[in-house]
Every structure is written in C-alpha cells, then in structure tokens.
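Let's start with one chain on its own, the form predicted alone, as structure tokens.
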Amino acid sequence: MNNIWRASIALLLALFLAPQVSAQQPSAEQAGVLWFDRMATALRELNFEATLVQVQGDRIQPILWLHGRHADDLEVELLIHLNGADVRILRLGDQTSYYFQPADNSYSINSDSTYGLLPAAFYKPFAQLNDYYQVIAGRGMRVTGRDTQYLRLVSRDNSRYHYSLWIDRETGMVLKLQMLTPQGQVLEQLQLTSFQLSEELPVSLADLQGVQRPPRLFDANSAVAPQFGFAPSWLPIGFKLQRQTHRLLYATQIAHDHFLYSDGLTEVSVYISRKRDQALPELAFEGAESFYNSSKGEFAITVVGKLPVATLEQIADNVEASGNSQ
C-alpha cells in the first residue's frame, strides 16, 4: 500500500510540476530574440581579430576583420580584402571610409556599420525587425571549432530573403551566415575561419584615428531633387526612404532619378531614366543582388536590391506619377 501511495504522490507531483517547468522555458521565437540581441551586443562590444570567407555565386573573397573599442568608447572596425584589388574599409564610430586602388575612387559615408559585410540591422536589437521578420532558435553545430546556436530569420510575408545564422554560444559572435531565397536556395554566405578575442583593442587598430579620410560620397545639402515626375508608391512594410536625388550614372553618364530605401536589413534602389537614353530590354534576374528592368511610357524603371525578383517587379509596377516633373 505504501508503494502505491508513493507512486500516486510522485505522479501528482509530476503532473503539477511539468507545466511550471515548461513555462520557464522560452519559446523558440523568444530564445531567437534573446540570441539575436546578444549577437548585436557582441558586434559592438568585442575586441577581436578574425578571418572569414565571403561567397557570392562564383566569387570567393577572403577578408581580414578587426574590431574593438578605444578607452574613450570609440568603436573601430577594419576590413581588408585579401584577394584581387586592394580594398580596405575603415570605420571610426559612425564615419566609414572605403579605400580603393586607384585612390580616386575612394570615398567616405555616414554609417555606423560597414556596408557589404553584415546587414546594418545585425548591430541593433531585433525589435526593429519584429514587424516583418521573425527569428527562431534551433539546434546549432560546430563552426570554426566552436559550439553555436542556430537562428533562422524568416520574412513574415515572403517579400524578402531569409537568413540563417550560427552564433558562438560562448561570446555571442556571429560565426556563419547564409542568405536564402524563400525556397531555400543559398545565394550568399560568409563563414569565419579564425576568431581570436582580446581584452584590449587589437594593436593593428590603435593608431588609425589619424588616418587621412577620403571625401564624402553623398552630401544632402548639394543633392539635386528628382526631376522626372515619377516615384515608387509601394514597398514592403518596413522600407523607408533614405535619400532621393537626380544625378548622372558614373559609368554611362545617363541622367536618372535615384531612390534608395532600407528596412535596416537590406537596401533597394529604384532608378528612373528616359527610355531613349537607357535602351535596355525588359529583363529580370534573381540572385544575391536581384535586378528588374521595365518601362512606363517614355521612362525606364530599374530596381536593384537583395530581394526576390517578384518583389522588385511589384515595386516597379507601382512607380507612379509624383507631380515633380521639371
């Protein structure tokens, strides 16, 4: 009888305690937000030296990546491309400079993240993406010899690409990233091949504050307003206009109106030019950098960005008269 009584008590305890234990465990999405925010903090706070490989189609680029903070809290980041042309990207706080050879092509911009490596949104809390992305934590694997936490960023409306992330469980550092189509095709990826933390700012970054900076690429005060009288009237939720201007394309000298939008995770550009000047056929290409070209009346509409080509087509189809023709 005592054994039956003990078994009954044990069963009752199990039934009452099980919901309490499970209630203490965060859901896969709650855990995803916590890990994403930890990654954002690591990208801002850690002192490290790393090497990585960035792959986009057939293009493979090894990169040296250094990051740290001065004693006065100034953030410093340096990227050096190790294949092909000598390209260096230096960020001091919110000033980022891109150094190319020949030096005439070098420029500086206002940015607190280095464009072309990680999306700017990875440096900020996930709350800013929550309306149009969800992040789900899953089971990780070893990357660069370190245990990781897997995160999946999924577009809530399938109008954007998805992302897979592998986060170092010890430090919160992102060790591997993949950008994928909604169908699961990998378009772009990067993976760290070495990662070394340090207590202090890496020595290679200590004396970069005095480096001469190239001229600013974009000055809002000197920008010319769009002139062709058309503008996008629809973009996926979350995309905000960053700038709009009328200018000449550098390579072809074709006059165009340029509209740049960003949702924090990716950017999309809309170019409007006279069809007789551009002379491109209607065409579309989907990839890491998708491209869609169409026409409306006498104007050519070109949309470029890291988005599914169906989204670019919808943006182009919703370019409408804005009443600003000059």
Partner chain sequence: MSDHRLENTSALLDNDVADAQQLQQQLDVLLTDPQAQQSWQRYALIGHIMRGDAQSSHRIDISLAIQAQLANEAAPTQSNVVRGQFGQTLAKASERWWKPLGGIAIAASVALVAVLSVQQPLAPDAGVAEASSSPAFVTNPFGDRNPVSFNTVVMDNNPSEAEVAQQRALLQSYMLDHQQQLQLSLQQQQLEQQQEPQQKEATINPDE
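What we label the rigid core is the largest C-alpha set whose atoms superpose within 1.5 Å from one form to the other. Residue numbers count along the first chain shown, from 1. Keep in mind that this is a model prediction, so the values were computed, not measured.
What follows is about the form predicted in complex with the partner chain, which we do not show.
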Would you please decide whether residue 214 lies within 4.5 angstroms of the partner chain in the model of the complex, comparing each non-hydrogen atom pair?
yes
Answer for residue 81 alone: is it within 4.5 Å of the partner chain in the model of the complex, judged on heavy atom distances?
yes
Residue 169 near the partner chain in the model of the complex, any heavy atom under 4.5 Å?
no
Partner proximity in the model of the complex: residue 227 to the partner chain, non-hydrogen atom cutoff 4.5 Å
no
To test your reading of this chain, name the stretch in 136-144, 151-159, 175-183, 205-213 whose heavy atoms come within 4.5 Å of the partner chain in the model of the complex.
205-213
Quick one: from 295, 41, 269, 27, grab the residue that has a heavy atom within 4.5 Å of the partner chain in the model of the complex.
269
Interface check vs the partner chain in the model of the complex: of 201, 187, 89, 231, the one with a heavy atom inside 4.5 Å is 89
What residues in 32-53 sit within 4.5 Å of the partner chain in the model of the complex, counting heavy atoms only?
49
Using a rigid core alignment, state whether the CA of residue 127 is displaced by 2 Å or more between the shown form and the other one.
no
After a core superposition, would you say residue 239 shifts its C-alpha by at least 2 Å between the shown form and the other one?
yes
With both forms fitted on the core, check whether the Cα of residue 207 differs by 2 Å or more between the shown form and the other one.
no
Shift in CA distance, residue 103 and residue 84, in the model of the complex relative to the form shown here, given it is 3 Å or more:
closer
